[in-house]
Ligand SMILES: C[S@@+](CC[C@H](N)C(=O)[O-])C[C@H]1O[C@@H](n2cnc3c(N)ncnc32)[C@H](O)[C@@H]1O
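What follows is one chain in C-alpha cells, specifically the form predicted alone.
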Amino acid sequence: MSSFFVLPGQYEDLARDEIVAISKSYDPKTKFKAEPRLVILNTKTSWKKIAAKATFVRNCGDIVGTFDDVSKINPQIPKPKSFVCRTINLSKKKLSPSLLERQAGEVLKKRWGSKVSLSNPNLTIYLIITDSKQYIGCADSKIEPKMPTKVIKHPHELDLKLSRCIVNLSQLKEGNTLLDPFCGTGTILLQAESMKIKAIGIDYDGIMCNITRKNLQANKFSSKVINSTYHEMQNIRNKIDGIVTDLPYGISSKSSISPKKLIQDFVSTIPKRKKLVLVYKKGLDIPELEKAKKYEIYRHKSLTRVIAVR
C-alpha cells in the first residue's frame, strides 16, 4: 500500500527529502513519487511511523484509490463506523471543496451505511486533487511529532523544528548514535533522544555544556556531553553512526580561526564512512562538500544557512 504526505509550501524540497530519508532509514528500497506539495511513498514503513518523526507534514495517510468522477468513488477499505471527507486541492483548478466533500460523503454514506461525523470521525477520507491525478487517501488518526522541552535557549541556536529535520536527514534511527561536535545548548541532542536515537554532544565552551546538561535533564534524557573540541570525535569514532551539527559562526563562535578555516579543518577531521549533516552560513562552501546535497534556509538579509547532507 502507498502512503501520502501533504507538505507546506515553504521548504518544500527539504520537507520532501526528510520524508523520504525517514522511510529509507527503515526500508532502503523505498520508492517515491513527488508532485507539488505532495509525496507518495511505496514503502514497508507505515505512514504513522514516518509522521511521528517528520517535521513539516500537513496531512498524511494511506492511498486507497483514485477517482475521476466523485459520484463513483469507491475506496477499497473496510467500512468505518463514522467518517468525514476532506478536500486537499493542490492543483490550479478552481473548485468548491465543501461541494466535493458533500458529494463524496453522500456517495460513501449510501455505499457503507456509515454515519458522517464532522467532529470525531473514526476515519477521514481525503480527496487529494493535483494537476495530474485525483487520489483518495484515508487516515484513522492524526499523528504529530512530540517535541522536547527547551528550558534554556540561546539567540543564535538552531530552532527545534529545523533541528529535528536535519536529524531525520541523517537517516539515523532508534538505537543508532548521533554525534553533535558543536552541541551548544543541546537542541540537536534533544531532538535525537526524543526519537530514541542515542546522542553524544561535544562543545569547547564549558558554560554551553552545562546548559545542554540542564536541557537534557529537563526532558529526563541521558545524552553524554563532553567539554572538548571537535577533535575529540576521533577518539569516539567507533561509538557513533553519524554526525549532525550546526557550525558556529559570527558572534556565536569563539574560535580564533576564520569560519572558512574552521569548516575545512572540521570536515577533514570527520571519521570516514560516517553520515554527515552540516549546517553552516552561506558563502563557506569548500571542495569537500561539493557533492553534498544542499538546501538553503533564508533567515534575514545578512544570513542564509546552508544544510549539506553527505
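Residue indices: 1-based, along the sequence shown. Since this is a predicted model, take the numbers as computed values, not measurements.
Not pictured, yet referred to below: the form predicted together with the ligand.
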Per contact check vs the ligand in the predicted complex (non-hydrogen atom within 4.5 angstroms), the hit among 69 to 77, 157 to 165, 235 to 243, 99 to 107 is 157 to 165
The single option of Leu172, Cys183, Leu123, Leu127 touching the ligand in the predicted complex, heavy atom within 4.5 Å
Cys183
One residue of Met208, Ile200, Ile197, Cys85 in contact with the ligand, assessed in the predicted complex (non-hydrogen atom, 4.5 angstroms):
Met208
Touches the ligand in the predicted complex: Tyr135 (any heavy atom, 4.5 Å)
no
Contact flag, Tyr26 vs the ligand in the predicted complex, heavy atom cut 4.5 Å
no
In the predicted complex, does Leu247 come within 4.5 Å of the ligand, counting heavy atoms only?
yes
Please determine whether Ser228 contacts the ligand in the predicted complex, using a 4.5 Å cut-off between heavy atoms.
yes
Has each of Lys150, Tyr204 and Leu262 got a heavy atom lying within 4.5 angstroms of the ligand in the predicted complex?
yes
